[in-house]
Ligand SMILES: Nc1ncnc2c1ncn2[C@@H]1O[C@H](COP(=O)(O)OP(=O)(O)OP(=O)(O)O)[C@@H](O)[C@H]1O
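Heads up, the chain below is alone and in the form predicted alone; it's given as structure tokens.
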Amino acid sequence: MTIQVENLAKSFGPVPVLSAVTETFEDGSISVLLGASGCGKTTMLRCIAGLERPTTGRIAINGRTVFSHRPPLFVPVERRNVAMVFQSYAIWPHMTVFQNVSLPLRAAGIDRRTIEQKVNEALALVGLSGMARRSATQLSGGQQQRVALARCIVSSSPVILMDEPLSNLDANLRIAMRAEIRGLQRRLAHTVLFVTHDQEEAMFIADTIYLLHEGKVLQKGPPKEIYESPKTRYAAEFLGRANIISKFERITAAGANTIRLGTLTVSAPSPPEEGALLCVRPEKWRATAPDLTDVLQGQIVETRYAGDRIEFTADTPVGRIVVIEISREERRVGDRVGLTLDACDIRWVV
């Protein structure tokens, strides 16, 4: 089921939170709303769910309008056929796992035998078989998150909205649950709209990332596209790490564009507009001997051992450059180093 928002705007008093957003979230995929606190991602999710009334615009789920400013229409949350996983999971502590998961079915007046069958199937899907009678107070954070997922599954809603559902878990469990959610969505083919501020989480789980900033979608696309080809400095620095370089010289000769970075010369496409900056991801640099002619020369001022990689920062004629490399070579503060890169690894941002 597709979710469409058209010119969606929401203000709280005089403060605008969403500004005329028009997007389509595709059927059977995981769309991730990514952004810093206050960018409008949770507000958009709550507007789609029916928990907030937008100021203007239109929302449609599978072609059915559930909100319209003109003509005025507001379909309440219980009639939108969506399920939601909250950041707090919304698990009732006085109920058993079975009672928590069966809530949507009991509210719909489903018979007891069908409820038991559907609840047991949902618990099996999320790896909680045999725990139906356990009290919710006996559950770990990861188990509570699975109960919230099972409650969404048992409702048979084709649309699941998730508002930072992993933020309360520890790091290892959060990584495991990303894979759980991704695997469940693949098996069930639900349409999932997932809100997070965690860039790594978004990269892992999303089919499409929608990067929000100040109430607008700044850039959207598959994770690889957003990471490899950011269009703005904000996108480059928010999604991963980036070296943004303003000290460079452009050389145009015989129709070819060349960029000079200190003593390093490399081909580059023309900038999209005046004032554009160079963007190079840390892992794109290659470290080599400092006495070569066509390299960016630098001196290491900081090193970090990160297990599967080495990170170092070097002072260069174009500013400080962060480099990530998978190498057994030891890097020491004070060492001189030469840096080079391929033309295909240069991006322009504004």
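The shown structure was predicted, so the numbers you read here are calculated from the model rather than taken from an experiment. Sequential numbering from 1, following the sequence displayed.
The next section is about a form of this same protein that is not shown, the form predicted in complex with the ligand.
From the candidate stretches 53 to 61, 288 to 296, 308 to 316, 29 to 37, select the single one in contact with the ligand in the predicted complex, where contact means a heavy atom within 4.5 Å.
Comparing against the ligand in the predicted complex, the contact stretch is 29 to 37.
Would you confirm whether the three residues 17, 41 and 164 all fall within 4.5 Å of the ligand in the predicted complex, going by non-hydrogen atoms?
Every listed residue reaches the ligand in the predicted complex, so yes.
Identify which of 117, 138, 87, 229 has a heavy atom within 4.5 Å of the ligand in the predicted complex; exactly one of them does.
The option sitting close enough to the partner is 87.
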